[in-house]
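First, one chain by itself: the form predicted alone, in structure tokens.
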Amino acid sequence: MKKTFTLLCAAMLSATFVHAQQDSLMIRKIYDEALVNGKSYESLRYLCKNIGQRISGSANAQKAVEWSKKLMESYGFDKVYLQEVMVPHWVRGAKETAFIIDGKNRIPVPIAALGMTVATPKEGITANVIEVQSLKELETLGEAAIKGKIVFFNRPFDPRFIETGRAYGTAGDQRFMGPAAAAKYGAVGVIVRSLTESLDDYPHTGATLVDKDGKNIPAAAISTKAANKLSAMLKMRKFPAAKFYFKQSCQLLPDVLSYNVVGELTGTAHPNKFITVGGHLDSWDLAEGAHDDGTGVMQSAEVLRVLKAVGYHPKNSIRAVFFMNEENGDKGGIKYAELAAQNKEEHIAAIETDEGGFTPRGFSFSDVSKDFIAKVNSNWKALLEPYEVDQLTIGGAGADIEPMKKTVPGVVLIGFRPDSQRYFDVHHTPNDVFENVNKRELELGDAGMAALIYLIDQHGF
């Protein structure tokens, strides 16, 4: 009996070794294909330079949909199709104008209207400014101090966070909820410090909350250099206080029909079980949307192309999804989750890549236990470590796949985590252009995600 048990253990160890060796060889093939024959960088160049900005509802967004479908078809995926989704259609209009008014001096400063906000009157708004650091401070000041003024939210990024997305999270409430909150106290407009630690003159746009039942007031982001200047002048001049003028002409038009773009490699054993990888095809209108999120969609398509190119036939179906309308509505992600539930699809995992095309570091797993993470690390860390994509942690996943949590039982949501240090230098700005993407960093991310999807497909969780 003892000899039989010993032989059984030896056989199991031998099988484990063989599987690990096979996995290691396949991952090496994946990296070789992505780094030698990669297509994502040149595809990104076309998306950025030939199509450009892709705000939801725009003609360029539709061009991007049509081109993306043709791209996936050219890769020879088993299925390529569109999912209809109604999306908001917000337009910026003429370039914004803003001045700090200091006595007789008018000092121009760069601003950008926040997404979904409203226009100023045609003549613009001129008013005294009240600087605050938080939404809580609005409550403390109350209507008596705020009514008739422009509220200036000036809480900066907290530089103590190593992962800069956490700094974005702690500062972002003033942009997303600040204008609606200030309107309740009688403010006539809102200016928000750009969400970046970088000191420059590029204002960072981004969505703000629209109160359908309440009053909406014009809101704009101001560059960090201009925010510092405005704050210093407010501190220097109490009587008479410095004033602020701004003018913007944005509009919210009726919703428009748009599409998620989906490509699929059909599973050989479980065609009705799915692993999804995706990013969002829409972008803000200030630039080309290179890192946010052109890199993400091109990486998602490249994952499937690479797996196909190395001759891998997945057990489960693998999808690349280009979601529409992440920036100002999340309608594409919501629609994808609705359709998955409606079609009774079983999803094993969904990976989102929406943190830029920088050097890959690893993956975060949303709403899982410490035991789950320990098991994932035990099984896969050694295989991913040679490629420096082995940081497997508990954390967020992404806005486009988050709706699946409610509609698709059992799905594991995963965020691709590249190095975060430079992302918010270009995020939502005119600087988010193709030239700021590094080819090798992008391709390493392609391969890292393809490797993880291979492991999930082979072994599950």
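The first residue of the sequence shown is number 1, and the count goes up from there. Because the structure is predicted, anything quoted here is derived from the model rather than measured.
There is another form of this protein, the form predicted together with another copy of the chain, and it is not shown here; the text below is about that form.
With another copy of the chain left out of view, the stretch that reaches within 4.5 Å of it through heavy atoms in the predicted bound form is, among 160 to 168, 134 to 142, 280 to 288, 304 to 312, 160 to 168.
For the candidate set 200, 346, 197, 102, a heavy atom within 4.5 Å of another copy of the chain in the predicted bound form is found for exactly one residue, namely 197. A heavy atom within 4.5 Å of another copy of the chain in the predicted bound form is found for exactly one of 405, 39, 69, 28: 28. In the predicted bound form, another copy of the chain sits beyond 4.5 Å of every heavy atom of residue 449. Residue contact check for residue 386: one or more of its heavy atoms lie within 4.5 Å of another copy of the chain in the predicted bound form. Although the partner is absent from this view, residue 366 stays clear of another copy of the chain in the predicted bound form, with no non-hydrogen atom inside 4.5 angstroms. Although the partner is absent from this view, residue 249 stays clear of another copy of the chain in the predicted bound form, with no non-hydrogen atom inside 4.5 angstroms. For the partner-free chain shown, nothing in 93 to 124 comes within 4.5 angstroms of another copy of the chain in the predicted bound form, judged by any non-hydrogen atom.
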